[in-house]
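The structure tokens that follow cover one protein chain in two forms, given apart as structure 1 and structure 2.
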Structure 1
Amino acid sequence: MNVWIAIGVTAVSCYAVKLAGLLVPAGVLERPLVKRLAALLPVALLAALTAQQTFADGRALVLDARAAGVAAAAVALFLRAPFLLVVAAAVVVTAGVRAIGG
């Protein structure tokens, strides 16, 4: 029963956040600071999620094959490789490190 309560609370909360976003006046959304935050916030959240998923295991810092894959992707991005090549480099390096490391 507690799971269904959590699902219901989550659904209502998501709807309330969506509704709050729709109720914001257009004048507020046109401010330069709000536009800048709206442009930068998704990038920051994605970077934080990537770092957390790559370098954390519970409450411990972990450097494993995932970190090598992210490093390979960063190098490919620095070299301005196409997106599919960036993903392929990350996959190949991660798989190679896992194969070598066991």
Structure 2
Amino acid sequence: MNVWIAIGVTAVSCYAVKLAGLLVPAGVLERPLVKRLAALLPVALLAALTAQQTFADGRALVLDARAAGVAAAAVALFLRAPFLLVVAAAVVVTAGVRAIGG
């Protein structure tokens, strides 16, 4: 039951914030500072998420095979590889490093 409560609360709250963003009046968004901020916030959030999912194990910071995988993804991106290949590189290298014993 607890799990269903968590799912319900998460589903409703996550939908609400998605909708809220779309419903903010257009006038607010015409202000240059708001425009600039709205463009930069995703950069900050994605950067923080990428770093956390690469180096976090629960609430501890670790350096493991994921770092090698994400580094491989970065190289693939630099070489302008298609999206699917970038993700595949990360998964394959991570699995490879773990298989070797990293």
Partner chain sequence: MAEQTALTDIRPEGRPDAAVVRDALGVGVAVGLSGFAFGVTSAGSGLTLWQTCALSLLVFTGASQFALVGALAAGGNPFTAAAGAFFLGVRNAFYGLRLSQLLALPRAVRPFAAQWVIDETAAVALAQPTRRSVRIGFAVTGLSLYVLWNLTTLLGALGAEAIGDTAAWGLDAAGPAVFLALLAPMLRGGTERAVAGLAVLLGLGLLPVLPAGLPVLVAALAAPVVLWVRGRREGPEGER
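Quick caveat: nothing in here was measured; it's all calculated off a predicted structure. Only the largest set of C-alpha atoms that superpose within 1.5 Å between the two forms is called the rigid core. Quick note, the numbers are simply positions in structure 1, starting from 1.
- One chain, two forms displayed separately, with the form predicted on its own being the first of them, structure 1.
- Once both forms are fitted on their rigid core, the CA atom of residue 48 lies less than 2 Å apart between structure 1 and structure 2.
- Relative to the superposed rigid core, residue 38 undergoes a CA displacement smaller than 2 Å between structure 1 and structure 2.
- On the core-superposed pair, the CA position of residue 59 changes by 4.8 Å between structure 1 and structure 2.
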